[in-house]
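A lone chain, given as structure tokens: the form predicted alone.
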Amino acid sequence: MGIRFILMVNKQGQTRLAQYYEYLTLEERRALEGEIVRKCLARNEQQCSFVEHRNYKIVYRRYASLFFLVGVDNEENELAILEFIHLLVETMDRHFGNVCELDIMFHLEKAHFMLEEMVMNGCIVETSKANILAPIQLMDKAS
């Protein structure tokens, strides 16, 4: 299993979306998120986007006011995960039109649905933006 969790966090450190692919209790999740968010937000633009924390490798990228953080196994390819983050942002941009924090907050179920279409059990299974967005567009038409 490659991806352990995906977090979307604002500049103030508030988690806007969290998706876990391994079991952690709520207390463990809160502690892990707090540690990782503090560590990543404290870094400056000149530092690399990879951080090792506990038994995870954290790959993160900032887009506007949101930080996208992905926790992976230590053997995972960091550049592939950066590409995955970029694909996720491009997919959300295509659906929401320049995705922002409010889009995630007001359409949380759609953001989770996109992630569920892209990642299954910690493995990336879909990379086509059209295939990821097709079910969401069908649901939008039906409602």
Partner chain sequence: MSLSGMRGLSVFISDVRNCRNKEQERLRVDKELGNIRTRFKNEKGLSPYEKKKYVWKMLYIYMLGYDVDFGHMEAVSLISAPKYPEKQVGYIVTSCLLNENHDFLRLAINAVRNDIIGRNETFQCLALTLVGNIGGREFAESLAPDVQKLLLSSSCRPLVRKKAALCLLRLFRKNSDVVNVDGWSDRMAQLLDERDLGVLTSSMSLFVALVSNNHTAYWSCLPKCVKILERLARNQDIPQEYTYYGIPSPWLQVKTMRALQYFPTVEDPTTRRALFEVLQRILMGTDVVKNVNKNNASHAVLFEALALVMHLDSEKEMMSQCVALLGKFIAVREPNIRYLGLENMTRMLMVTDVHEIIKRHQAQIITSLKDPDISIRRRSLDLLYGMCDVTNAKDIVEELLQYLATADFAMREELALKAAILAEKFAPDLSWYVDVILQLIDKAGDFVSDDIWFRVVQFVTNNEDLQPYAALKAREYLDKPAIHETMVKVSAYLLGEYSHLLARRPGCSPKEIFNLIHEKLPTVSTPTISILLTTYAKILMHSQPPDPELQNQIWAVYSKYESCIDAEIQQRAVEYFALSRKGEALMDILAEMPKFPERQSSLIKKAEDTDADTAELSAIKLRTQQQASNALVVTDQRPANGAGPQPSQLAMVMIPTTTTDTDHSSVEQDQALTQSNGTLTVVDPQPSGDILGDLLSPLDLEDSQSQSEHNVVPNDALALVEDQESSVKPIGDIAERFHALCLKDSGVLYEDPYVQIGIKAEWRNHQGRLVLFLGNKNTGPLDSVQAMVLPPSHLKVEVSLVPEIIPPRAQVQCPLEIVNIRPSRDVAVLDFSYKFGTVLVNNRLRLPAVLNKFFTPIQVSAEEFFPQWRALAGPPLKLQEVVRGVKPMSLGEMASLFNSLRLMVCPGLDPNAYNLVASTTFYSESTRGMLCLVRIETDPADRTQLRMTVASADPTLTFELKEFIKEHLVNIPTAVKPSPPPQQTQPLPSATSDPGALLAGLL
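Numbering follows the first chain given and starts at 1. Bear in mind that the values here come from a model prediction, so they are computed numbers and not experimental data.
What comes next is about the form predicted in complex with its partner chain, which does not appear here.
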Considering only heavy atoms, tell me if residue 38 and its partner chain come within 4.5 Å of each other in the predicted bound form.
-> no
So in the predicted bound form, does any heavy atom of residue 66 sit within 4.5 Å of its partner chain?
-> yes
How about residue 99: is it within 4.5 Å of its partner chain in the predicted bound form, going by heavy atoms?
-> yes
With a 4.5 Å heavy atom cut-off, would you call residue 95 a contact of its partner chain in the predicted bound form?
-> no
Looking in the predicted bound form, the residues of 79 to 107 with a heavy atom no more than 4.5 Å from its partner chain, listed in order, are 79, 80, 82, 83, 84, 86, 87, 89, 90, 93, 94, 98, 99, 100, 101, 102, 104, 105, 106, 107
